[in-house]
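Listed next as structure tokens is one chain, alone, in the form predicted on its own.
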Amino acid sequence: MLSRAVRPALNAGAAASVRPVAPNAASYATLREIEQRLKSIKNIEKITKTMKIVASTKLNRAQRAMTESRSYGETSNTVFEKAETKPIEGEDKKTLIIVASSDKGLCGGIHSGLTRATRRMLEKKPNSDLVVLGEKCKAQLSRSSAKNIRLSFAGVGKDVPTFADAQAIADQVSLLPTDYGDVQIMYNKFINATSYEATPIEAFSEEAIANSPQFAQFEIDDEVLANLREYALANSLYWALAEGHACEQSARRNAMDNASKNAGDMINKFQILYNRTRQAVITGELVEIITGASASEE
């Protein structure tokens, strides 16, 4: 059993040994938190740099496919321009808008731009029907225009689009029961490696092609008119998908480049904070050692 004279001394010693531990523990905890944050940011920087390299590699393939697809779409447009084809207008005729997006994100506001352009078209023609290619724009348009969506396609944008993909989509679109007077394909037009623009492509209906003023000069039989219309729609879809894919890869590369730069700036800031905090901890420990040594000499 301890005497009363010894108990105060033990209590004082215990208090003295406990007091300096709290600030040091807090400092070390802060250092560990900063170090963990720094490590996570460095890992993010590695991922964004890798994604930038992958997007740059895919962009070269996408641009080659885009150049090839333009010849398909522009050829169809040339035919309709010479035939002076115009959309069929009337109160009983509806407009079909085909939105060419993809399933993948992490590419800036490329899908949001398509959605905004589509909503502006719907404001002018609220009764228009929608066919959405890709889950990104479908999710955005479903919030405001779910009643307008008649058909949607998933699995778009996984690889460079092919004409077979566009043909399969055109087959499904042709099976829609409504007789549309105007068909427009909304896609991202590739301007350069850093910019793109949401642009519509006219894809005329069978009735519009047949009523073209100069269509007779092409000497196309009525029996193959439906095939021509579907083939022209597939050409335009292929053009829109290929060019949109190139825009997506370019936007993803730019987004990952910006993300890598931002991560580098954060790493520099946290490295400075870590060094300052570590220096403060070391200084505090030295002060405690010197204070303890001075107290023991006295």
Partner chain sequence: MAFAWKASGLTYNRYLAVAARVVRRSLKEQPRLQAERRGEMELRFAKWESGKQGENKSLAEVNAADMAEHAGKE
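Numbering follows the first chain given and starts at 1. Every value quoted in this text rests on a predicted model; they were computed, and no experiment measured them.
Omitted from view is the form predicted in complex with its partner chain, to which the following refers.
Asker: Heavy atom within 4.5 Å of its partner chain in the predicted complex: which of Lys86, Lys189, Arg150, Lys93?
Answerer: Comparing distances to its partner chain in the predicted complex, the residue within 4.5 Å is Arg150.
Asker: Considering its partner chain in the predicted complex, which of Asn211, Thr75, Ser112, Ser142 comes within 4.5 Å of it through any heavy atom?
Answerer: Partner contact (heavy atom, 4.5 Å) among the options: Ser142.
Asker: May I ask you to state whether Asp171 is within 4.5 Å of its partner chain in the predicted complex, using heavy atom distances?
Answerer: Result yes; Asp171 sits at the interface with its partner chain in the predicted complex.
Asker: Indicate whether its partner chain has at least one heavy atom within 4.5 Å of a heavy atom of Glu223 in the predicted complex.
Answerer: Residue-level check for Glu223: yes, a contact with its partner chain.
Asker: Although its partner chain is absent from this view, report whether Cys247 comes within 4.5 Å of it in the predicted complex, heavy atoms only.
Answerer: No, Cys247 sits far enough from its partner chain in the predicted complex that none of its heavy atoms falls within 4.5 Å.
Asker: Considering only heavy atoms, tell me if Ala154 and its partner chain come within 4.5 Å of each other in the predicted complex.
Answerer: Contact with its partner chain, yes.
Asker: Any idea which of 191-199, 114-122, 163-171, 77-85 reaches within 4.5 Å of its partner chain in the predicted complex, heavy atoms considered?
Answerer: Among the candidates, contact is made by 163-171.
Asker: Considering only 225-261, what residues come within 4.5 Å of its partner chain in the predicted complex, judged by heavy atoms?
Answerer: In sequence order, Ala226, Asn227, Glu230, Tyr231, Ala234 come within 4.5 Å of the partner.
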